[in-house]
Ligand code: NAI
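Below you'll find only one chain, the form predicted alone, shown as C-alpha cells.
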Amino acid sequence: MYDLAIIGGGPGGYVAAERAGAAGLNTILFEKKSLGGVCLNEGCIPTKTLLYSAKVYNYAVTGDHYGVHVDNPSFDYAEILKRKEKVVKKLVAGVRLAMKSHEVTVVPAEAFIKGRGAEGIAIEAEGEEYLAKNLLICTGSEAVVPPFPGLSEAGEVVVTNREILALTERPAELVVIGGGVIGMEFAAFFNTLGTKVTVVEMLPKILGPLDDEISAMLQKQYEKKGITFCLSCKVTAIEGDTVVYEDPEGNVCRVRGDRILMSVGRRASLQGFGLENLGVECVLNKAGRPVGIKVDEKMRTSVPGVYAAGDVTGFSMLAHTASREGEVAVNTILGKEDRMRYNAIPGVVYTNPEVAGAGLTESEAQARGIAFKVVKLPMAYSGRFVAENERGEGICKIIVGAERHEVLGVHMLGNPCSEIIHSACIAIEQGMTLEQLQEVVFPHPTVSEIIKETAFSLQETI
C-alpha cells in the first residue's frame, strides 16, 4: 500500500513525487513515456534549446552592431538538433536521479485506474495491481488538431509541436496555424534560420491573452524580420501542402509550406487511464463536454483522496503552474496549510525579444471593473538593456490599483525579461504598493531596474 500514487511524470507529477518522497510518503509514480513529460521532452526544454541556438546564430549575424565581426556566419541544423537531444537526455536523467534520491518508485508503464474501494485506490500497470491511499492525477494535455477538410490526406506535411521537433531538415517555407505561444516560438526559431514563415491566426492579434500593446509590438518587430501575419483569418481546409483560409473580408486565400505546423492550442488528457472509474467531477464547456478535472484551491477533486494538478485541470496550462499545484496537493495530503493562487502566475514567450507578464492586463482589469492606473517606460531607461541590446526595442508596463496603488500587473517586452518577471510576481503576490516596491534595492546595472524605474515614474504621476 502506497501513501501516494501519481499518474504522469511531467512537471506536476515529478515535482509532487519529489516533495512527497522528501516528506517521507511512500510514493509511486507512473509514466508511460519519458520522465519530464511533454515539457521536458516535447515542449519547454527542447524548444528553448533550439531558440537559444537561433539566438547565438543571430548574435553572430549581428555581431557588427557590437564591434564583433564574424565572416560568413552559418549554422548546422543537424548539430542544433543533436544538442537539443543531449540537453533533454541530461535533464531526464536528472529527474530520474531525483526520484531515486527520494525513494520514489517509478513504474515506466501506462497506468489504468480500476476504482476506489475500502482498501484504497486500485491502479493497474502491465498486469500488476497497485494500491494507494491517495491519488494525484497529472496526465497533462495533448495538442488540439481540428478536423479540417483534407487534413488526413496531407500526411506528414502537417505536424504538431512533437513532430516538428524531430524534423531532420529545416523547411524552406513554414505555415503556422495559430499565433499563440507555441506557434510564435517556432515561428521565431525558423524565421531566424532563414525559413519563410506565415502565421495564420483566427483572432485579431497574436498571443491571445497577453497584453494587447506588447503583442502588437512583438508582431511589428517580427514583420520587419520577414514573418507574414494573417490575422482574423479562419482556416477552412488543408489541400496537400497548402492552407486554405478566409480573410476578414470573406475572401478565400491560400498559402503553401513545406511543413504546416498545427498549434491552435492544447486540451486536457482525460481519456484512456480509467478516470471514469472514479466518478470524478469535471469542468464542462458550453457544449457540455469535459475540458478538465474540477479541483478546489487545495487541488482536491470531488472524490476524497483524489487530487489533480497541471494541464489535466484545463485551467492554467503552464509547467510552473503544474509544479506549484503538485506541491499544494502534497502539502494538503500532509495536513499542511496551503492553497493554490493564480493571481501572479508568470507567462513568458521565448521569442527574440522575449515577452513576459504577470497579473492583470489592462483589458482584464477593465473587464473586471477594477479601477486602475498604468504607466510604461521604454526598456532603454535601463542602462544594461542599452548595453546589451543594440537597436533593441522594449517596454515595461505596470498596472496598479487606483486607490491603494497595489501592483496588479507587470508586462514587459525585451531581453531578458523572462529572468526578471519573478520580481513582479513577488510584488503582486504580496500585494505590494508602489511605495513598498520603491523601497526594494535592485542591483545596478541590471535590466531588472526597469521595474523600479517604471514604478517610480508611475508614483510621480499619482
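Just count from 1 along the sequence shown to find any residue number. From a predicted model like this one, the values you see are computed outputs, not experimental measurements.
One more form of this protein exists, namely the form predicted in complex with the named molecule; it is left out here, but the text below deals with it.
Although the partner is absent from the chain shown here, none of 171, 198 and 229 has a heavy atom within 4.5 Å of the named molecule in the predicted complex. Only one segment in the set 120 to 128, 361 to 369, 300 to 308, 264 to 272 has any non-hydrogen atom within 4.5 angstroms of the named molecule in the predicted complex, and it is 264 to 272.
The closest non-hydrogen atom of residue 177 lies within 4.5 Å of the named molecule in the predicted complex. Taking the partner from elsewhere, residue 48 is found to have a heavy atom lying within 4.5 Å of the named molecule in the predicted complex.
Not displayed here, the named molecule is approached by residue 148 to within 4.5 Å at the level of heavy atoms in the predicted complex. When the named molecule is considered in the predicted complex, residue 203 lines it closely, a heavy atom lying within 4.5 Å. Out of the listed residues 157, 233, 91, 113, 233 is the one that sits within 4.5 Å of the named molecule in the predicted complex by at least one heavy atom. A heavy atom within 4.5 Å of the named molecule in the predicted complex is found for one listed residue only; from 81, 181, 375, 278, this is 181. Shown without its partner, the chain has 317, 318 in segment 298 to 324 as residues with a non-hydrogen atom within 4.5 angstroms of the named molecule in the predicted complex.
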